[in-house]
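Just the one chain here, the form predicted alone, laid out as structure tokens.
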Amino acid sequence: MFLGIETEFIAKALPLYGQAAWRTVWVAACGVALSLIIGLFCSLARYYRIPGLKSLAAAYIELARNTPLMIHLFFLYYGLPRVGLTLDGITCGVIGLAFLGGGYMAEAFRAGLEAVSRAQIESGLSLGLSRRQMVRYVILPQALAVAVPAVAANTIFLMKETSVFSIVAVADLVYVFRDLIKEGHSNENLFLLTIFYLVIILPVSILFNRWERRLRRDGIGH
């Protein structure tokens, strides 16, 4: 017993929370990575006003940002089997998180793209850069630098959203917490749940903060 917490129960439950933490990190990492790709694609489609894709991207962004993750998960896990497509909980979690996050990441990247001054673009064109070179060497580096704070906030938001994955039978941290708390030991379970979320999310927050400070020090995006 230490500060009202039974160390014996902690030792017994620690491996279960550890496995759940790795599963949570895996689903979050895959979902966030896909959301970055989706968000960047949608932001470029809107920035360059690509016919058809611009309207489609705008509609997707509004749908993703104005519907909760829980609805996405219910649709994927319980709705799709009605039309003959069955997905496991982890796959549903990754797709649902990517769908939700893509809308938020698209807005973050769009803000970064719009922050690139017209003078920078005109300078690149005057140097004879092609459209692809302009995007790769002039526009994207500056846009990404400006978007870092919003991308960081969205990443942390999405990692915390993994707490609802238990509704589609993903044995994540909250799933294990809900399973073990039935036996009592609420203080111990709350302690472990809090510690593991801090261990997962805090390093990501620190990493993004350092990256942002480095970009500011190097003068990128300003």
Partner chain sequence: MESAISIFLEGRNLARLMEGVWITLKISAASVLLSVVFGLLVGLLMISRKPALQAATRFYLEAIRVMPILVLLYMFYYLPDKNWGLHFEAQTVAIGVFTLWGTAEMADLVRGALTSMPAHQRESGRAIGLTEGQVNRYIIIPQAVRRLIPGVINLTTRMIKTTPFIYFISVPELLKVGQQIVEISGMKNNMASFWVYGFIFFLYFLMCYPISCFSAYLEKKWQN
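Numbering follows the first chain given and starts at 1. Bear in mind that the values here come from a model prediction, so they are computed numbers and not experimental data.
Missing here is the form predicted together with its partner chain; even so, the following discussion is about that form.
Looking in the predicted bound form, any heavy atom of I38 within 4.5 Å of its partner chain? So I38 does not count as contacting its partner chain.
Is it the case that R82, even though its partner is missing from this view, gets within 4.5 Å of its partner chain in the predicted bound form, heavy atoms only? Looking in the predicted bound form, residue contacts with its partner chain include R82, since a heavy atom lies within 4.5 Å.
Taking heavy atoms and a 4.5 Å cut-off, does S55 contact its partner chain in the predicted bound form? The answer is no: S55 has no heavy atom within 4.5 Å of its partner chain.
May I ask you to state whether F74 is within 4.5 Å of its partner chain in the predicted bound form, using heavy atom distances? Yes, contact at 4.5 Å.
Of these, L44, L34, A171, L193, which has a heavy atom no more than 4.5 Å from its partner chain in the predicted bound form? Checking each option against its partner chain in the predicted bound form, the one that comes within 4.5 Å is L193.
Specify the contacting stretch among 74-82, 88-96, 143-151, 129-137, defined as having any heavy atom within 4.5 Å of its partner chain in the predicted bound form. Answer to the contact question: 74-82.
Heavy atom contacts to its partner chain in the predicted bound form at 4.5 Å, residues of 48-62 in sequence order: Contacting residue: only E62.
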